[in-house]
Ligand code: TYM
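Take a look at this single chain in structure tokens; it is the form predicted on its own.
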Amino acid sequence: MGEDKDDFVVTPWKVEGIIDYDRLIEQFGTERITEELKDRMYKVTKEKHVLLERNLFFSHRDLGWILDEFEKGNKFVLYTGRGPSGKTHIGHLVPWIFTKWMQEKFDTTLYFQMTNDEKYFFEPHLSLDDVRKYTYDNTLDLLALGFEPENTYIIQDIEHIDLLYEIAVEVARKVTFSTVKATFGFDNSTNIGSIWHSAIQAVPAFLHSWIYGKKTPCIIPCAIDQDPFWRVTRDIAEKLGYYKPASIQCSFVPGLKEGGKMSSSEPMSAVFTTDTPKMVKKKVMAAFTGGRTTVEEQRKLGANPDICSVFKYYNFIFMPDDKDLADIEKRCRSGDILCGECKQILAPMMMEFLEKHQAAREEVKDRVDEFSAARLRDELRR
């Protein structure tokens, strides 16, 4: 893709180009998160979150309604997920980190869907064994963030289809092929599993209401490329007797290359949660920056952090203190710090983060079954 913002592409399966988020909001029909909405959230949470403060979670559907319901005493549930088609990278962790914060602050339940069927339908090179392996591996990354089994249910679509099927059948009867064709761009060569999957992905938004027999609001924290699924889900929710799911969307964590997001298909653009310290440092030191051609020119004119992948990483995760971020931006623009020096600051931060994350992954390896949505079968029998 070129540098022209008109060239960007955002679908649930492909994100390319330099994203114009204002235009994307207009195209998708979501709304900007206002300062008023943030303040309403903080009234409950009693603390701010850097991903909201820096507008990295920037867009929503019905967030105000969710807060209205919560204030009335009608608690909501959370729903998010992962399509396990490869290793987890740092970009995948961002919405999960925010989801965990919401779960803790609003004291609520999370339904986390591993759409291993979706990846089998959409990725011809993957076998069923592959998607099961990635499901387990990605689950370790989720649990390493500190989720607890008391209020976290991990739904594996293939393994837990008995929990999903009845609601999926109801959804499927209400969704026409013309709707999914227009929403997702399906054509005559699309396998029928891919078409069916949009019904499966709607289910966790309604599952809590179905199990417990009480209409319950649901909000979905996710990257904005997943929004088309929730548009379809919202269209049929009230016809089935459920609330429309709300959602709150984040922007994409940038890749280490020039332009675009972090992508599993471009290994040097992505920092994976299982990367070794040596590999992390190699990727950071090769990262695209906003530096000048020569040291002399950069000392004189400064660099451009607006296009620098290293600075964007500070902004997302690795420099939560606003004063520290402002200081390094000032030094960058003034030419006081060179790109190599800046990379030398980021690399150990990233290595330390992953060292702790990898240790946490090891600790949860024997706990995966504690989070299985199979536990919900007991609720259905009561």
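When you see a residue number, it is the position in the sequence shown, counting from 1. A quick note: this is a predicted structure, and the numbers were derived from the prediction, not measured.
What follows is about the form predicted in complex with this ligand, which we do not show.
The stretch in contact with this ligand in the model of the complex, judged by heavy atoms within 4.5 Å, is 115-123, chosen from 143-151, 271-279, 115-123, 171-179.
For the candidate set 209, 183, 109, 251, a heavy atom within 4.5 Å of this ligand in the model of the complex is found for exactly one residue, namely 251.
Distance criterion of 4.5 Å from any heavy atom to this ligand in the model of the complex singles out 230 from the list 311, 242, 134, 230. Though the partner is left out of this view, residue 226 does reach within 4.5 Å of this ligand in the model of the complex, counting heavy atoms only. At a distance threshold of 4.5 angstroms between non-hydrogen atoms, residue 77 is out of contact with this ligand in the model of the complex. Heavy atoms of residue 98 never reach within 4.5 Å of this ligand in the model of the complex, leaving it off the interface.
The closest heavy atom approach of residue 290 to this ligand in the model of the complex falls outside 4.5 Å. Residues of 34-54 include none with a non-hydrogen atom no more than 4.5 angstroms from this ligand in the model of the complex.
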